[in-house]
Ligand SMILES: Nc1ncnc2c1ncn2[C@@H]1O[C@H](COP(=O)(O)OP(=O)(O)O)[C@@H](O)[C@H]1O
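As structure tokens, one chain now follows by itself in the form predicted alone.
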Amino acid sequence: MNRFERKILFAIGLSVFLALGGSIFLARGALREVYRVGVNERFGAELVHGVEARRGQLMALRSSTEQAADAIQWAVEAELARKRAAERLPELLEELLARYPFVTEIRVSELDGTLVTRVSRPPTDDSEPMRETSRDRAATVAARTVRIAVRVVVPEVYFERLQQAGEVADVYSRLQRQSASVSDVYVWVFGVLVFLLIVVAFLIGAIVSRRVTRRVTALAEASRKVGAGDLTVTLPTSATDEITELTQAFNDMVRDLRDSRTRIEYLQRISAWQDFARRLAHEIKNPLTPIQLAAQELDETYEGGDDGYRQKLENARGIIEEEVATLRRLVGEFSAFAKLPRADLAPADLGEVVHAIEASVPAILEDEGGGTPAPVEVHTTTATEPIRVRMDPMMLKRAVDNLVRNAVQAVHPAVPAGRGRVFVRAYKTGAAGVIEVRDNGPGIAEESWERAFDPYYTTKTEGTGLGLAIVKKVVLEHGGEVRLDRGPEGGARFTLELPLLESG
């Protein structure tokens, strides 16, 4: 029995036991209450008497509030009949408020709503809930009529007790009327509970199965989307059963397909750019030699005696030869990019590439220093144990060489002489062999990280933007990945990951 089957059986069993336990608990409680209270005339009479007593208590409270309101009205009328009543009226209201503890506010106002005076009792910290009500009176003295609003409070407990007593009496009355059919009712109750038990178990089973079918349906729908070419589909994996394992395998497959398509699309773009570079190099290279020869011939065949014109010819020849040399260098780079071969993979040690880079560092520094070594330190380290991967050593060395050269070019002008650092390191993590190239230069802006590997995209004032495109093409042909981010020294960090051989 697998985990999924156990989960369904557990859910159904749990629903059955919960429903059965609930029905037994309710039935036992009801029967105990019936037999504990009993059905007799004496108990019924006591219940009715209790209800009437609580109702009488509330009526007495209401009568007391009415009497208090009348007394306050008479006192106010008497006070208004005296001279200087306006000065004495607030004091009188305070005395009346103190006399009646259940009165919380007395408000005297004109008929048009203008407030004459108002006194109120400050709120107390008593947590007992109270119910407020108002008793309105009108006092007329010497053709003047004022409105008196008396607000009184009654403890809520009196109303609650009356309601509870009424509910108990009502329940008892129903039990008394139906005492002959109690047993039949409970038989029907148990029948209904059993039916509900079956329905609940069925619903829980349906819900559990629906969850499974919904996940399977989602998986089928996602498969159709993938078949239609949508490789952005991702399904949630929150459970721990076989369906989740299938979903995880599906997500892994889609991710692998997405990565493979990304690799293929990039390599196809590179192939198209290589074809473009091949044609561009051919079209530019052909007219360079005639242009240079024509400039040289003009300079060498001039026989006039105008020294100024002679100087202009020499300057023009120098500019033309310099620009032709620049174009030849660009054509050389385009041709090298166009002729970039496919990687010929074979098992090898990744550390050998780092050792080869270490041997070529002096030449790189001398090239960048213009004949004298650039004042940049290049540190190379590799793991002591072999890092076995399938690679083309020559192609991979060329890719890493481009990265080291770029790092030296970034550090040389930006960092004070003698403080520039470039680090090349080879190691392995998990199932990948890694070559890392980083520096302490200014780095590359984060918004350029995504486009940095596109052909002909460069942030340098001089350059063709082909170096990083070559690096990515070589790494993808090795079945690996290349990433650009910021290193711990603050400069750019390039990470090349190649899959390890199983024996490695």
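Computed from a prediction, not measured in an experiment: that's the story for all the values here. The first residue of the sequence shown is number 1, and the count goes up from there.
FYI, the form predicted in complex with the ligand isn't displayed, but the following is about it.
**Student:** Check each of L350, I106, A410, I270 and return the one that places a heavy atom within 4.5 angstroms of the ligand in the model of the complex.
**Tutor:** Spelling it out, the residue with a heavy atom inside the cut-off is A410.
**Student:** Of N406, Q292, T244, T380, which one comes within 4.5 Å of the ligand in the model of the complex, counting heavy atoms only?
**Tutor:** Flagged contact: N406.
**Student:** Quick check on A492: any heavy atom within 4.5 Å of the ligand in the model of the complex?
**Tutor:** Yes, A492 sits close enough to the ligand in the model of the complex that at least one of its heavy atoms falls within 4.5 Å.
**Student:** Tell me, yes or no, whether T65 is in contact with the ligand in the model of the complex, where a contact means a heavy atom of each within 4.5 Å.
**Tutor:** Answer no; every heavy atom of T65 is more than 4.5 Å from the ligand in the model of the complex.
**Student:** Should L466 be counted as a contact of the ligand in the model of the complex, where contact means heavy atoms within 4.5 Å?
**Tutor:** Answer yes; at least one heavy atom of L466 falls within 4.5 Å of the ligand in the model of the complex.
**Student:** So, in the model of the complex, is A69 in contact with the ligand at a 4.5 angstroms heavy atom limit?
**Tutor:** A69: no contact with the ligand in the model of the complex.
**Student:** Using a 4.5 Å heavy atom cutoff, which residues in 426 to 454 contact the ligand in the model of the complex? It's fine if the answer is none.
**Tutor:** Residues within 4.5 Å: D439, G443, I444, A452.
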